[in-house]
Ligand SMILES: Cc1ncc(COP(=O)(O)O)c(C=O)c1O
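The form predicted on its own is given below as one chain in C-alpha cells.
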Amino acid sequence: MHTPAPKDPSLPAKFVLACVLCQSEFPAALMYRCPECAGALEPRYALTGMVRHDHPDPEQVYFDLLPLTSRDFLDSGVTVRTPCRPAPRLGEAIGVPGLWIKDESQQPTRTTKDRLASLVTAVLRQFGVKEFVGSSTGNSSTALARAVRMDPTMQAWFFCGKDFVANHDIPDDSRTVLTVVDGSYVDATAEARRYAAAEDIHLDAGFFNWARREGLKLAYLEAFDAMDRTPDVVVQAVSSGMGMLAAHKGAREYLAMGELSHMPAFLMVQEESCAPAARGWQEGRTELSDVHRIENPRGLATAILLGDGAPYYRYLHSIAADTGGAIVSAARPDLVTARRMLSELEGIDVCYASAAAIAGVRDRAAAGLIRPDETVLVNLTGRSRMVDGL
C-alpha cells in the first residue's frame, strides 16, 4: 500500500526546486521548467545529517538525498544495487591502469533506466498523479512500463519512432500502451506531447524531469561509495545527457558533504555518426543551431541516437567546461572493438552505447588527454535486449 498523496500540490520543505541556469528557487512542486527563464530545475537539499540506510533497495539507502517526503511512495524491487570495481585488464589494454567500471547492465531491464523509472513513479505518486504519457528510444519507456506494472493503480502511454520499436519491451495492455509513430524519436516526442495535451494527461518531461535525474544519480552515489578514491575522470555515453547532469549533481552533493576530495572531470561520449554535442564542443560553440541537427540518426549505439541536441547542449557544455572535461565522439569500428574488449578482458556484455564510453576513454588516453596515473570511472549504462545487439 502506498501512502495517499497530499492534496495540497506543495510539499513539506525537505527540498526546494532550483533552476540550473538562473539559480532561482521555488517550493517543491510538480513542475519541470523554471518559471523565470525556462531552464531545467533540480531538487536541492540541506545536505546535513545524511545517513546511508541499510536496505537492499538503493532508493531506501539514499533516501535522504531524494525528493520524497515518505519512503512509502517507493516500490521495492524496481532497481538493484550494481557492482562497481576496478577493471585492471581492460585498463592496461587501453592505457588507463586506474580504470573502474560501474556495471548497470545488472538492472532488471538491463539498463540504468530502471533507476529513473523508480523515482519517476514514486514522485508522481507523491503528487497524486496516476497516469502519464512518455516517449523514448527504448530503454526509458521499457523501464517505466515495468515500474508502472508494479503499481496496479498506474497507467501510461508510450510513443516511439518506427526505427526504435525493437528497442522496446512493453507488453501492450490496458495499462502500458505503446504507439509507434512513422518518424524519428523527435516526431514521437511531439506526438506524445500532442496526445497528452488532447487527453489532459500528465506529460513526462524527459531530460527536464528532475525525478528522472535524481534516480540516475544513485548509480553514481553507489559508485563513489564503492571506490577507495575519488575519480579524476567520470565517463558516460550521452544522448540528451540527463545521466551526466545526474552524475554531476551527485558529485556536487558529495563534494559539499566531504565525501569526495575534488570534483572529477566529466567526459561525455557520442557515436560519431550521431554526435551533435561532440561537434558543437569541437567547434567551440556554447549553443547548437539547425546545422547540427541530424534528421535520421543512424548508428550502432541505438540508445544514444538523438539527432537534435540543441535543447540540452548548454547544460552539457557547462559541465564539461566547468570541470575540465569534454564532449567527444567515437567511430563505429572503435565501438565494436571496445565492446569485444569488455567481453574478453572483463567478462561484461554491454550495448554499443556503453562500449562508446570505453572507446572514448581509449581515444583520449592514446592522445595523452587522460594520464596513466589518473583514476577513471566509466558508467556502463546497460546491455542490449536484442540477440545480436544491432
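Owing to the predicted nature of the structure, the values given are computational and were not obtained by experimental measurement. Numbering starts at 1 and runs along the sequence shown.
The discussion below concerns the form predicted together with the named molecule, not included here.
- Although the partner is absent here, N139 is a contact residue: one of its heavy atoms lies within 4.5 angstroms of the named molecule in the predicted complex.
- A residue is said to contact a partner when one of its heavy atoms sits within 4.5 Å of a partner heavy atom; A303 meets this definition for the named molecule in the predicted complex.
- Put simply, G250 is far from the named molecule in the predicted complex: not one heavy atom of it is within 4.5 Å.
- For V238, a non-hydrogen atom is located within 4.5 Å of the named molecule in the predicted complex, even though that partner is not displayed.
- When you look in the predicted complex, the only residue of V361, A330, L41, A353 with a non-hydrogen atom within 4.5 Å of the named molecule is A353.
- For the options M242, L260, V123, C84, the residue carrying a heavy atom within 4.5 angstroms of the named molecule in the predicted complex is M242.
- The stretch from 170 to 178, 131 to 139, 154 to 162, 197 to 205 that comes within 4.5 Å of the named molecule in the predicted complex, counting heavy atoms only, is 131 to 139.
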